[in-house]
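Consider the single chain below, provided in structure tokens and representing the form predicted alone.
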Amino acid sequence: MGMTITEKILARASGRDRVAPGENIWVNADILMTHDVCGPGTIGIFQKEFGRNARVFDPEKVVITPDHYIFTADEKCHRNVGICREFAAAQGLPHFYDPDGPSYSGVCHVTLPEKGHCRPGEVIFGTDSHTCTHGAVGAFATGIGNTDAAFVMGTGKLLIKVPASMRFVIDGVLPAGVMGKDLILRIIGDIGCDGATYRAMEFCGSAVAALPVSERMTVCNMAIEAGGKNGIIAADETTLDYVCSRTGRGFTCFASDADAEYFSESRLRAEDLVPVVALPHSPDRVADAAACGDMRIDRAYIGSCTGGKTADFVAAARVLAGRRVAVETFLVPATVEVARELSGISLGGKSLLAIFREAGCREPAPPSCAACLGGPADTFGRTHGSEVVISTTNRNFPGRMGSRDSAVILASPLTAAASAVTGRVTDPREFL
């Protein structure tokens, strides 16, 4: 019996020829990521258990990316960043992306692949549930808690249970107006928020192969919203072009065997997919955007690791070009690189930034997680009342973007932009 791509990567990382679902194995970490929310807790546990003067297992493999609560007047948030900064300096960590310095990048889940920290066949642990994003380049990537992260920080390894794999085959050509966000929301809507609990969600098929890495990141990012341990897409030429342009380090690509055993297999026809939204207050409350046209919105939000990449802003600009928004529309680039490209990329002879300004959007915020996780009261885009927000983010639980009285509707950048123009949930195909 063959193995799935997830099982092959974990076998390599554990020094074994093969592993099977349900086995508990020690795996070696290739990357450990933490940020300003979980970093201080991880550092505190590491120093308590390993000693104040203990050294991390490998400075090159520890990445610290403050990104959640950084552009704020909140002193406790500043102290969190300070703890990370002091630790990085004491440890001599080369990969600390300081929000107060020239190295700052932005949201961790976009920063890591942009900076070449994500490579096929590797194991990536992060103190953030959406670490599964990095399965987009054919890696095993998963979120862990502070205690586990502190152990990895000291030893470079972690005991995990091998997840069973669920295979999602999407063949065909995605219709106009349908993005990776629609694809993953449709899957989550079909199987529910617990439908893939502690399982690997493996995505394949001709429609997946046609996706750029940025869209694959969106799909894998939201595996956790179905309870998945990880999301993963096997590396191909698209992957290699992206990864090799950002790192010179070697890596090994893996693919599932033809006779690999799966927990389940689901097949979707790409042509059957339509723009969808996830209604409050759960990512699995999925409905066709066209069926929700009577739902009014108060604001639109385009940003986050799921919806703040360059391709996401290009998609939004396609809808907003030559039009005006009817509601307050917030823009939050995921990284400094993305923010630069808002001025550097043009559509119809105008930069993306010019298109957004002419459409009446708010000026883009500094790259960060911003309101995706609520944040302090002065967080850009945070909800403060009973607003209904259509957002390109990945969660819509009560209070997720600030006020518990607000309602968050999840959507693709195309759908969010179309809805911003009309002031109601709108199928972007009305404008495409």
Partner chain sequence: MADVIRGKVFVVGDNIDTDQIIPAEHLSLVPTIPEEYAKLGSLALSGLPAPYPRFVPEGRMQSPYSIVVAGRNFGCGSSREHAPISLGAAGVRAVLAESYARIFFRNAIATGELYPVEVTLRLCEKLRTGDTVELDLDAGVVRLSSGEELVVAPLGDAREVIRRGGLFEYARATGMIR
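Because the structure is predicted, anything quoted here is derived from the model rather than measured. Positions refer to the first chain, counted from 1.
Omitted here: the form predicted together with the partner chain. The next part is about that form.
Proximity to the partner chain in the predicted bound form, taken as heavy atoms within 4.5 Å, picks out 128-136 from the listed stretches 354-362, 247-255, 128-136, 293-301. The contact residue chosen from 105, 214, 146, 239 relative to the partner chain in the predicted bound form is 146, the criterion being a non-hydrogen atom within 4.5 angstroms. Of the listed positions (234, 178, 158, 325), a single one reaches within 4.5 angstroms of the partner chain by any non-hydrogen atom in the predicted bound form, namely 158. Candidate site formed by 57, 63 and 166: none of these residues places a non-hydrogen atom within 4.5 angstroms of the partner chain in the predicted bound form.
Residue contact check for residue 119: none of its heavy atoms lie within 4.5 Å of the partner chain in the predicted bound form. Residue contact with the partner chain in the predicted bound form: residue 80 places a heavy atom within 4.5 Å of it. Put simply, residue 193 is close to the partner chain in the predicted bound form: some heavy atom of it is within 4.5 Å. Under a 4.5 angstroms non-hydrogen atom cutoff, the partner chain in the predicted bound form lacks residue 342 among its neighbouring residues. Although the partner chain is not shown here, in the predicted bound form the stretch 36-50 places heavy atoms of 37, 38, 40, 41, 44, 45, 48, 49, 50 within 4.5 Å of it, in sequence order.
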